[in-house]
Each structure stands twice: as structure tokens, then as C-alpha cells.
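Consider the single chain below, provided in C-alpha cells and representing the form predicted on its own.
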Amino acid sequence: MFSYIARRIGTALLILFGSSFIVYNLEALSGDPIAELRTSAARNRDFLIAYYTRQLELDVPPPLRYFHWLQGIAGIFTGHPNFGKARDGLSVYGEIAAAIPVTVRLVLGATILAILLGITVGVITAIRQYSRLDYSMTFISFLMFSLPIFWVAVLLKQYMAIEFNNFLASGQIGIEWLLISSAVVGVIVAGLVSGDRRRVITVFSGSFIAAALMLLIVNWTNWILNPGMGVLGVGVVVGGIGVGISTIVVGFENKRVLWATLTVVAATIAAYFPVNYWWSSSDMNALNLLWPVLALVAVAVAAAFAFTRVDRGPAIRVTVITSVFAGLFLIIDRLFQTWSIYLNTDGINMRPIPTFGEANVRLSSDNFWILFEDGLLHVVLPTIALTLISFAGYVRYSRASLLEVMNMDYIRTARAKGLSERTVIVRHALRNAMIPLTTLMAFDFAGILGGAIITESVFGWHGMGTLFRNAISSQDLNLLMGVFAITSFLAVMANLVADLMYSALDPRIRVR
């Protein structure tokens, strides 16, 4: 395995060298970065031409200039990388270092959400092939494929930002939106249920009434302006998630794993008030968000070991996933508690959903939770836009992959042995169905630092995508190659990671 990895890394370095050499020379020969200055009538024209010629080494032939640039890049191995200077005189390394956190904050959440939701929905539609749900998700997936990202972003800005901010003036759901929202919930729930027409109508009616009553309670309690979950709400939600995960992974009949999961739920309820008291301190910071989650993970592992003697792997997975959700909902509940304060903060004035920028420059507060909420709200619309587009691809790929696996001989053999359908799908089919998706996921994560050029432009974010666009438009060779060096390296490494993940998922293709 070591020799295989070494060969792949060597091949990757050769690919990086060849691709960067071609891109560098093509961009250098495609135009003159000081062409406008040559026709300018400015008094300092000659000085500027000499300055940019010296700074950008325009008097050196592009092939030789490439090796000057490569010498600076090779400084990565000695800890002193030099990406050169951009046209504005700033360090390319500094600009990239400032843009990477912005891009990660923008794209990472959307990528993870698209993978989790897309694969989940794809698996469900494959299991329910040719059902109402399958047809509905097929239609939605193809619709998402066909929508341009800039159009989706503009619609989100109009209806989820501007219109929602206007709605917050009253905080009351109108009768027309109440009926529409209830009908949508009814359609979704009815689509999940199989059966004859009478059963579907019954489920739709019940879901419609339940959703309408829930929204009426939301209006009555003014929950939208003063939201909250409380210890009871957090306990019920985490408990439902834990029982659901336990049922899917090991089955509801496995009481030992179920008791271990409920132990995590009990620990979450017990930690609710101490954690909220600790998070209320004036020296609160981002690192303090992790400690309760890590503590719950430790409780989860201990509970799995305490309640199970054999097959502890699935038990640990169930309890750890439940503990992560528990920590997440503790944070969400705390954000709910801060919502009304945030709405009335100077610079917000009851219009919390932003349409442009990475942060609200008018927000004058040093409260951690207010600043944290502001940062999250600036990410919401770009994340939804990117998730919707990627989600469609994962739904179609995961559905097709699982359907192919479900027709294999070993799946029929597993069913013939009397294994439950849950065991056949979760333990036998799903693992092999994930193999074709591995490459897609690896490249999606590798593409995170490439940025989202259109989305960053629409929402006014200054990330890697913006740097790439600016480098092309201004013929800034050093800046372009700096972005290319990082994104191409990650793309090549994604290939290697995908191959290693193949061997982890399927022992038959391991390289010895």
C-alpha cells in the first residue's frame, strides 16, 4: 500500500507540473497586462510601464518566467512559500490566506448538507422506486439541475430575505401562507406513505390539520419573534433523532443500543442548564462551543461500552451521532434565545436576513452570540443556493447506484437467508452503493477552496472564486497561478483520497 501511495503521489506531482506549465504559458501569451498603459496619454506612463514590467517580469520569456514562479512555490517544502505579488502590489500568498477562510465558511456547509440530504433522499427514493415520492423527487432533481445558480440566488434574496424581513414587522403567518404551508407538509408526508388512494388522502388530511394547528400555535405564542426550545424541546427532539437512528442502524428490537442512546439523551437534558449558564459568561468564545459536544461524545462512547458486549461498532456509531445532534441542538436553542435581542440590536432593526456581504458592518456589539448569529445569517442564503444545486446531483447518483446494487446476486442471497430488509440495505447494499459516490464526494470537498464564482458575486463575498475572477479579468498572472496551484493540487489529491476510500469500502479492490 505504501508503494502504491508513493507512486500515485509521484504521478500527481508530474500532472501538477505539466498542467501548471501549460496554464502559465497560455495565460502569459494570451494578452498584455499593460496594453492599456501603452496607449495611455498619462504623464507617468513610462514610469508605470517600467514599474509593472519589472514587478511582473514581463521582459522575461514566459517559459523562463514560469520556473521563477515555480521556485517560489517550491518554498512550501522549506516553509517559506513565495507566490509572488499581484498587480496591486499585495502579496498573492496574503490574499489567498485571507480568501480561504471566507470560501470555506461559504462552501463547506453547503457541501456537507448536499451530501447528507442528497444521499438520504436518494436512498429513500431507491427503496421506494416508482412511488409517488420517487416521481416527485425525480421531478425536483431535474428541476434543480436545470436552474442556473444566479437565478436561484436572486429568488432567494427576494423571497427569503426581503419578503421575510417585511414579514417580521408583524411576525404573524397570514391565512394564505398557513394554508399553503400546511398543504405542502401534507403532500410531503403523504408522499412518504405507500398505499391506496384512500390511505394517502387520510394521511394528507391528518398532516394538513396537524401542520395548520402547529402554525396557529406559532401565531398564538408569537414564536417567530420569540423562539425557543427549552430543555423539554431539546430532549424530545434529540430523543426522537436518537431513536430514529438506532432503529435504522441496528433495529428497534436491539434494546441495549436503544438504552445507550437514551442515556445520551438523559445526559443532554442534565447538561442543559449548566451548559447554558456557562455559555452566558462574558468571556464566551468559539472554542467553548466544542467542550459540551466533546463531553457528550465521551458519554456516548462510555454508554455504548456499558450497555453492549458484542457488536459495539454500530452502538458507538449510533450514540456518537446522537451526541453530535444533541450538541447541535443545544447551540440552536441558545441562538433561539438570542434571536429577539439580535432583532432589536442597532444595525439590524427587525431586518435580520442579509442579502449582501459577509458581515454587518453596522452591528455594534461585542456579544459573542449576537456576532455568531449575524455570521450564520449571512451564510444562510448562499448555503441554500449552493445546496439546492448540489443536492439534485447526489439524489440522482445515490438512487441510481443503490438500484444497481439492489439487483446484484448477493443481495438476493442475503434476502433468501432471511435477513431483514433493513439489514440487507444498511449492512450489505448501502456500503457498496457508496463506492461510485466516493469520487464525487472527494472532488466536491477538493473543490471547496476553488470557490463559487457566481454565488460569491451575487452575494458579495470575497473568496477564492472572486480572486480567480479578478485574476482573469485583470490578467494578473501571479494571482491566477496562486489560485490554480491550490485548487489543482486539491483536485489531484482528491483522486488519491478516492482510491484509498475505495479500498476502505471494498476489501476486494485493496492494493497490496
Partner chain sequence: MSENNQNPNAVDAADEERDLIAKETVGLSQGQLIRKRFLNHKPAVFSLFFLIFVTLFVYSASGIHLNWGATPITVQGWWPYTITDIPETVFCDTSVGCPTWQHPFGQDPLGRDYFALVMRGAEQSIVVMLIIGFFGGFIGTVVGAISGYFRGWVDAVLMRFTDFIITIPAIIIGAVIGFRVGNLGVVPLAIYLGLFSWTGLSRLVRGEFLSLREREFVDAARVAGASNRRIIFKHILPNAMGVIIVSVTLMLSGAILLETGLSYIGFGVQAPDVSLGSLISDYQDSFTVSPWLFYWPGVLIILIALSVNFIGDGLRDAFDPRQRRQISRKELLKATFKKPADPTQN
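Positions refer to the first chain, counted from 1. These numbers were taken from a predicted model, which means no experiment stands behind them. The term rigid core refers to the most C-alpha atoms you can superpose between the two forms while keeping them within 1.5 Å.
Beyond the structure shown, there is the form predicted in complex with its partner chain, which is absent from this document and is the topic of what follows.
J.: Tell me the stretch among 168 to 176, 155 to 163, 283 to 291, 112 to 120 that has any heavy atom within 4.5 angstroms of its partner chain in the predicted bound form.
T.: Comparing against its partner chain in the predicted bound form, the contact stretch is 155 to 163.
J.: Is its partner chain close enough to Leu108, Arg312 and Leu330 in the predicted bound form that each of the three has a heavy atom within 4.5 Å of it?
T.: So, no: the whole triplet misses its partner chain.
J.: What is the one choice in Trp259, Tyr410, Phe305, Phe145 with a heavy atom within 4.5 Å of its partner chain in the predicted bound form?
T.: So the residue touching its partner chain in the predicted bound form, by this definition, is Phe145.
J.: Does its partner chain come within 4.5 Å of any heavy atom of Leu26 in the predicted bound form?
T.: Leu26: yes, in contact with its partner chain in the predicted bound form.
J.: Residue-level contact is defined here as any heavy atom of the residue lying within 4.5 Å of its partner chain in the predicted bound form; does Tyr66 satisfy this criterion?
T.: Residue-level check for Tyr66: no, no contact with its partner chain.
J.: At the 4.5 Å heavy atom threshold, is Tyr130 in contact with its partner chain in the predicted bound form?
T.: Judged by the heavy-atom cut-off of 4.5 Å, Tyr130 is in contact with its partner chain in the predicted bound form.
J.: When the contact criterion is heavy atoms within 4.5 Å, does Gln71 count as touching its partner chain in the predicted bound form?
T.: No, Gln71 sits far enough from its partner chain in the predicted bound form that none of its heavy atoms falls within 4.5 Å.
J.: Along 270 to 287, which positions have a non-hydrogen atom within 4.5 Å of its partner chain in the predicted bound form?
T.: Counting only heavy atoms within 4.5 Å of its partner chain in the predicted bound form, no residue of 270 to 287 makes contact.
J.: If we fit on the core, is the Cα of Phe468 displaced 2 Å or more between this form and the one not shown?
T.: Comparing forms between this form and the one not shown, the Phe468 CA shifts below 2 Å.
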